[in-house]
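One chain is shown next in structure tokens, namely the form predicted on its own.
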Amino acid sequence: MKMKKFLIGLVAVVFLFGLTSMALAKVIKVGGLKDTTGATSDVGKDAAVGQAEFWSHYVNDHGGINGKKVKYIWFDYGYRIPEAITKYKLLKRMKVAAIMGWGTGDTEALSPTINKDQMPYVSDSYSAHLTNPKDWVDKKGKKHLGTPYNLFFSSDYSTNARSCLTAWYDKKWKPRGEKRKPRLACSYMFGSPYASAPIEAIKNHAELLGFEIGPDQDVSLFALDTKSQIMALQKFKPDVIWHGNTTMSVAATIRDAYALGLRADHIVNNWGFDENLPRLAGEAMNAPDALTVMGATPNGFFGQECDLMDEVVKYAKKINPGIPLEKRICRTVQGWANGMVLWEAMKRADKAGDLTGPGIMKKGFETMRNFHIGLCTGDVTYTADDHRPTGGCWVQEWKDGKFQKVEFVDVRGRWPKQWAKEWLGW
């Protein structure tokens, strides 16, 4: 009798263990690398919070991966490449199916390893260098390895730069009726792979549109005082300045330009153009004689009227009620948009019975044609030969106390030959 009870108990334990194992098997891990303490934490903190709200809550509340729960595991790496590599290895040991990455320097440094590991890596670096899935050679004859496992939802930094310069040229310069060439200068951190990523592209585009190009100014991502750089620019007298940094140092540069009387217009890459910029720039963007400031906006601002935005706001209230909504910015929205493309790719791959790295790429991402994210983003398409998700972006400006749309620039449609034959990868 005792032996019978023991056997029944053993069978029950085995059965329960089997159920537990089956339950665990249905949990899919997604990893994350974020910067909440380093050089880009001024934009990274909100992005990290938004992405956690998306993966840990919204996704699981809406069916997970075809009924399988998602466990989101993320680390802060402080914008330090060695630490990013260490944390990547840890996530790999934890058997994540894919990773939500962050910065350009670490993403590009990890790319060969990611390719070898066949790890889908959806980054918040929108460097054009990450958009060519095949090996290629640039104009200078330099060979580049393809990046078939790197993706993102946004127009890349080079497309953003081309879009901003085009919108400024169309809407600000042409109406002035000037007979001379417009003058462009670039302000960014020379040593930052992120900030310097689109510089070659914007200068190429300036030449295409007939600009005169002035001296670049080296501005740290940590800069609070840029008076020396502004004084150097006064000799060139630019009509427009391109800013490649994140919000804090962009605001400092715009403030100093206003204070020192440099009456140039300003165009800004997407990571420097958000709801905090006019707050930090102060009267330089809000006074009656404020400077013109425009920027790339590949997605909507927090709370802006767009498909899915009500869910972003709802989950911000629900999951992190201690963060006032007026403090939330478009970085939350970017986190959701990048998450949306990976979620869709994983659902497609899982439905096809192949939730491996190659499966997520080939049966997920590369099956997307005009996939609609919402959130005021462009619809995205990925092919086996081209991972640029979209061919243009909205350019907006801060005017009369609010962000206003200037122009949607369709770079791909306006310069189809260059887009197809020259601009992939840079």
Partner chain sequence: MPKKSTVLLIALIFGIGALFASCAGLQTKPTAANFKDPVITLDYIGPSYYEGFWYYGKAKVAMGKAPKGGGSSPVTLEFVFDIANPNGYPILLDSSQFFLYFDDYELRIVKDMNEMWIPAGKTNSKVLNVTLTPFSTYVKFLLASKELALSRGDKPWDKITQWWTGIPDMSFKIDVKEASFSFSANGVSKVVGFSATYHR
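Residue numbers count along the first chain shown, from 1. Not measured: the values here are computed from a predicted model.
What comes next is about the form predicted in complex with the partner chain, which does not appear here.
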- prompt: Contact between residue 320 and the partner chain in the model of the complex at 4.5 Å, heavy atoms?
  reply: yes
- request: Examine residue 399 and determine whether its closest non-hydrogen atom to the partner chain in the model of the complex is within 4.5 angstroms.
  value: no
query: Can any non-hydrogen atom of residue 374 be found within 4.5 angstroms of the partner chain in the model of the complex?
result: no
task: Using the partner position in the model of the complex, report whether residue 258 sits within 4.5 Å of the partner chain, counting heavy atoms only.
output: no
task: Name the stretch, out of 331-339, 200-208, 223-231, 114-122, where some heavy atom lies within 4.5 Å of the partner chain in the model of the complex.
output: 223-231
query: Of 236, 301, 72, 173, which one comes within 4.5 Å of the partner chain in the model of the complex, counting heavy atoms only?
result: 72
task: Would you mind picking the one in 38, 359, 378, 64 that has a heavy atom within 4.5 Å of the partner chain in the model of the complex?
output: 38
query: Which residues from 266-281 come close to the partner chain in the model of the complex, meaning a heavy atom within 4.5 Å?
result: 279, 280
